[in-house]
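Here we start with a single chain on its own, the form predicted alone, put down as structure tokens.
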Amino acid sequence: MRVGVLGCGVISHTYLTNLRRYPQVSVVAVADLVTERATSTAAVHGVEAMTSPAGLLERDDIDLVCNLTVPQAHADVTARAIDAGKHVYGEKPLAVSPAEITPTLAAAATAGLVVGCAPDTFLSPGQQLARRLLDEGRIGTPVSAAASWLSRGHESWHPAADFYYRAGGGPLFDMGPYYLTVLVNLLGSVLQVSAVTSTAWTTRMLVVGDRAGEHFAVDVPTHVSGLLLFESGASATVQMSFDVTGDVPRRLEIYGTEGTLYCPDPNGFDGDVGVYADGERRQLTVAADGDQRGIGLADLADAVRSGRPARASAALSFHVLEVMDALHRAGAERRVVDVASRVTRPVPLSPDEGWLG
């Protein structure tokens, strides 16, 4: 499947490097609103640079658009790609809100086009092992879970971090998809949520890059403490923050009637799996092949070819988006919010699937 990459920011280099390992996809061209950025990115990776995003969408030799634009543009770019007759795989989140992406997903279904979305880190060896152990009953029946990602924010390292603090950003929409996608992959659909949200600083300052010293407004909650109820009856606490100073360990744990599962960091492809059962904790070493970000796009390409559902699917990413939107609303309105959508847990990866190359 011939791929066009739209958006040449930091993450594009990871995708363009990783997609070379999958024989069923090939990158044809890249484009960006900043032509110079597209040109330099194309030169590094040996692909063609387009002078405009519209030009990339118009090309007949592109089957799938990899949407790596900023979150605020995700829904619009996906809609334009669907209108152009392309399949789409995008970076998370799927959109800023469920409402803005719903018509596009309906249009894609009508046109027979497939939409997928990151994160695909739930397909990492460690997360797939965790799924297998849970499905085998190694910790009994899942009762609850705990997930947390706490930091001081992205302005310490990102030269244009202000977009992380607009609609579609914040710790929940930026980092939450990694944790929530793993939780849904393990525990199934979320039924309802409640939350407490806050914003420690209404303005922040860029620290690195050409704009260092520039202040910007914060438009979204920067600390979210949520409680999720799953359709299975299990629950989970979720804490995401840009307001915490210090080296705080990331955590994703599943608690069952017979033991506990310690999952690797969901924002990566390496990391071992821990299991506490039968009175002892064991660490299971997992062989990882580096950062495989983009495996979800390769899986989508194979899914289109074979007629099966994609794993990093629109249904999964929409459900996660609705959960995040519900958490923000629950915090703002101080009430329990129902989650309307339901999703089937993705089929686990099999080591002998030919598309893995």
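Heads up: residue numbers just count along the shown sequence, starting at 1. All values derive from a computational prediction rather than experimental measurement.
What comes next is about the form predicted in complex with a small molecule, which does not appear here.
With the partner omitted here, the stretch from 329-337, 5-13, 18-26, 345-353 that lies within 4.5 Å of the small molecule by heavy atoms in the predicted bound form is 5-13.
A heavy atom within 4.5 Å of the small molecule in the predicted bound form is found for one listed residue only; from L68, I62, A42, A310, this is L68.
A heavy atom within 4.5 Å of the small molecule in the predicted bound form is found for one listed residue only; from R251, R166, H158, R152, this is H158.
Although the partner is absent here, D32 sits close enough that one of its heavy atoms falls within 4.5 Å of the small molecule in the predicted bound form. Using a 4.5 angstroms threshold between heavy atoms, K92 counts as touching the small molecule in the predicted bound form. A residue is said to contact a partner when one of its heavy atoms sits within 4.5 Å of a partner heavy atom; P53 meets this definition for the small molecule in the predicted bound form.
In the predicted bound form, no heavy atom of K86 sits within 4.5 Å of the small molecule.
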